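Only one chain comes next, encoded as structure tokens, the form predicted on its own.
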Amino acid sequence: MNLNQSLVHEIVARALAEDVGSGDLTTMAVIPAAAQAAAQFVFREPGVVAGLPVVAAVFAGVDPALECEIQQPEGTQVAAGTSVAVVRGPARGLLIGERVALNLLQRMSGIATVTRRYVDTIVGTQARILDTRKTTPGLRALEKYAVRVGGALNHRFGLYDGVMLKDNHLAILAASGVDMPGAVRLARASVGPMVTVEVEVESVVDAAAAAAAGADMILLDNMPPAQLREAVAAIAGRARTEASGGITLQTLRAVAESGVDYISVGALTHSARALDIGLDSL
């Protein structure tokens, strides 16, 4: 569950620049430079902890004299009222970094909490939960990390680390006379054997054709569980299978029991609610 530290520093620096700008007028006007303070991050509701290393990076970016003591490991399910970290040091720095630290911790913990619900719902099946690229622009590294903390897997990080032939790609190719199996073969010839080639299909017939064409992974789009079972049988282990499209917590278990390898859920990142977390003075 490692975080890319260069990306963390870049995101934190950008967030602090956005919030602090030329300086915190309130804090600099009324808080003495020598004042010291301590405060704790407290979960106001149950949830999964995600983002404390980022919180520490925020305060280090404001003032290296601030110390952040992490009290709960990443991925821990905590009850309401739990203190997960304490920050101590110069009061000015603590106040300046408070909002950015909370925003990132609340967002990441919200994603991890939702993800854990999805993961727990399919325990006992062979399926694994995947995220998507439906992330907040500029925060993808943190949001995909939070998904991993919640117990799910990351799909491709961006356009550059895997081939995904979706409906629009296939429509454009079809207009020039290249069918779906031909598109799979074209992609394979272009990227070579070390890059995963995935293709989106909407029927059992197309699923079988994609497997025959050599796709590594087949996205079964908007198929009900009965159709998913047919598609999995038609693919017959020749490619990994991914169910996607409108899947909710209520329908998730039935989808997982169809025999698919993966279930991708955009809601992990695009619809996760920020968790209610406060920073309370000690």
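Throughout, we count residues from 1 along the sequence that is shown. None of these values were measured; they are calculated from a predicted model.
Not on display, but discussed next: the form predicted in complex with a further copy of the same chain.
- The shortest heavy atom separation between residue 126 and a further copy of the same chain in the predicted bound form exceeds 4.5 Å.
- Among heavy atoms of residue 162, some come within 4.5 Å of a further copy of the same chain in the predicted bound form.
- Although the partner is absent here, residue 85 is not a contact residue: none of its heavy atoms lies within 4.5 angstroms of a further copy of the same chain in the predicted bound form.
- At least one heavy atom of residue 158 is located within 4.5 Å of a further copy of the same chain in the predicted bound form.
- Between 248-256, 211-219, 224-232, 65-73, the stretch whose residues reach within 4.5 angstroms of a further copy of the same chain in the predicted bound form through a non-hydrogen atom is 211-219.
- Using a 4.5 angstroms heavy atom cutoff to a further copy of the same chain in the predicted bound form, all of 153, 186 and 274 count as contacting.
- Of the residues given (121, 203, 103, 77), 103 alone sits with a heavy atom within 4.5 Å of a further copy of the same chain in the predicted bound form.
- Taking a 4.5 Å heavy atom cutoff to a further copy of the same chain in the predicted bound form, the contacting residues in 188-218 are 188, 189, 190, 191, 192, 193, 194, 195, 196, 198, 216, 217.
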